[in-house]
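Let's start with one chain on its own, the form predicted on its own, as structure tokens.
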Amino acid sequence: MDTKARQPKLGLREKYRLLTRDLGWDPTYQTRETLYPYAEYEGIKIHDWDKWEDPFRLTMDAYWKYQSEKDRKFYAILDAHAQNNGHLNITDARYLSAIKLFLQAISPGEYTSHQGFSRAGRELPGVGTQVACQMQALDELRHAQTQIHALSNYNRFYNGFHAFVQQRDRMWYNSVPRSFFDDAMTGGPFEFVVAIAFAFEYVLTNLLFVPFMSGAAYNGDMSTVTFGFSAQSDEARHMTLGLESIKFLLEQDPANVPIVQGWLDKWFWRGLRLLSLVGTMMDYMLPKRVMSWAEAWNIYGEENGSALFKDLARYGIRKPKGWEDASKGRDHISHQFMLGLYQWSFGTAFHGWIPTDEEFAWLSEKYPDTFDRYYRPRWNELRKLAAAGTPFKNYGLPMLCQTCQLPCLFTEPDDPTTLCHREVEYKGERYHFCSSHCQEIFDHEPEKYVQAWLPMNQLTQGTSGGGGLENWMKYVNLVDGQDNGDFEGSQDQRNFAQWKHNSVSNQA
């Protein structure tokens, strides 16, 4: 009787190759250049796509099982949060301004990333990169869905959540994250991967998710914490894949180094300007604060980033151009941006307010060299105006940066008393910038950025609802007196106080 030969058990590497790499094929009746027309036009040279290594070696069947288990846990906790009046467990309704900003600005960006990685997976020839892009595209889509589902419960009780989809496209401050992701999407596939998978996911994502989710936990928002925990394992994988992608490009050919370095210079600065929204949330919008933006930058920027670029130095990569200016601005950007949001609070889908004395003391402690000297006097003046019944509202239209689309309200890196403003004339038109780095990005690709959709320009041209503040508010689905304005005396403040009182009172 013949003994059947037993096949040796496949190792993880062999099994992964069979279920991913070996599913690819070589074209016959079409050339690779025809199938992948964007693989070479950016100037990146790839000699061996098989050198791409996925450190997780996650197959698609394992991926679906893993994600479905996370979803079961996520929606069970979310259901419990809704049934137990989780909307009353937050520290203060002011906190929801941060959540509204996140839903309007970040969640749609997750969906755009899903589209971008789907496209990159089609345009990059390597089977390993195609699988990695496919999984990350699915992750980004899931993140957008879980964030929207988690925060939708607040829409039942608080203002400012009802029109986040339209406001993503029309609200002035949402043009900042929208332009960031659209800029990445309109680059080539290699630039997109460097921009999102590395510059944003690896270099900057901890500055977004770690302080944000910690702040949610400190302020009793278990709905936001739940989607943060559910996404965190994905983010860890994204960061690892981002680092792998950058090393893969640098190891393939020395000619790739200057191209990648230019992209790092650009996308670090673009990402940093986007995260000014996060710094403002950390320093001003959390009733119970975790850490300051300056502390977060020191940990996740200076310490982690310095170690990262020290590691990449062997490939010829240095720190991004704007690194030093970012370090100089860490003590200023959140204060400058919050002062802007307060004076334009009539035009936002969340509330503004003047910090309390206790919050002033915290800001003075965290920013001992800058807050009392430059920013407390401004807040004190605004407080006097509010006490006199004439709160300051700036109905003038701010000048927007042509590149990052933030208002030009930041100061010179070495002089916090001087507004930073750069301008360039191109084909008979004058363009304005909030920093030298934004101007350099424009100078490198002017034909791209002259097409920027700037909301303030559209308003003056009458294309945002027909002109006038009232028509603009209708255009952006902003309910005046409910979604916007001062927190003090707002419907959100009154309702929250009444609901909290009823929850501990015998009175109906």
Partner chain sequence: MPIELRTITIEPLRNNYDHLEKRFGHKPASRYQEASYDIQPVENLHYRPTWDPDQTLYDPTLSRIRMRDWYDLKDPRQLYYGSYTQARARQQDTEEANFEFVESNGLVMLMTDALRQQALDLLVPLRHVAWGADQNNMMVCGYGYGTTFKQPCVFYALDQLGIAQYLSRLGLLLGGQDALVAGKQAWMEAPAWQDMRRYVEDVMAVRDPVEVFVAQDVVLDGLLYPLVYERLVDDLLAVQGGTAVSMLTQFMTRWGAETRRWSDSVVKTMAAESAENRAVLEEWITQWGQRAVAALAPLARPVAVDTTDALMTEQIAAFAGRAAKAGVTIKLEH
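Residue numbers count along the first chain shown, from 1. Quick caveat, the model's predicted, so the values are computed rather than measured.
Only in words, not in the display: the form predicted in complex with the partner chain, which the text now covers.
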- Message: For the interface check, one of 284-292, 250-258, 147-155, 359-367 should have non-hydrogen atoms within 4.5 Å of the partner chain in the predicted complex; which one?
- Response: 147-155
- Item | Triple contact flag 14, 118 and 170 to the partner chain in the predicted complex, non-hydrogen atom at 4.5 angstroms | yes
- Item | Heavy atom within 4.5 Å of the partner chain in the predicted complex - residue from 317, 185, 106, 225 | 185
- Message: Given that the partner chain is not shown alongside this chain, does residue 164 nevertheless sit within 4.5 Å of it in the predicted complex, heavy atom to heavy atom?
- Response: yes
- Could you confirm whether residue 354 comes within 4.5 Å of the partner chain in the predicted complex, counting heavy atoms only? no
- Task: Please run the contact check for residue 330 against the partner chain in the predicted complex: heavy atoms, 4.5 angstroms, yes or no?
- Result: no
- Message: Can you work out whether residue 159 and the partner chain are in contact in the predicted complex, taking contact to mean some heavy atom pair no more than 4.5 Å apart?
- Response: yes
- Taking the partner chain in the predicted complex and a 4.5 Å non-hydrogen atom cutoff, the residues of 59-81 making contact are 59, 60, 61, 63, 64, 65, 67, 68, 71, 72, 75, 78, 79
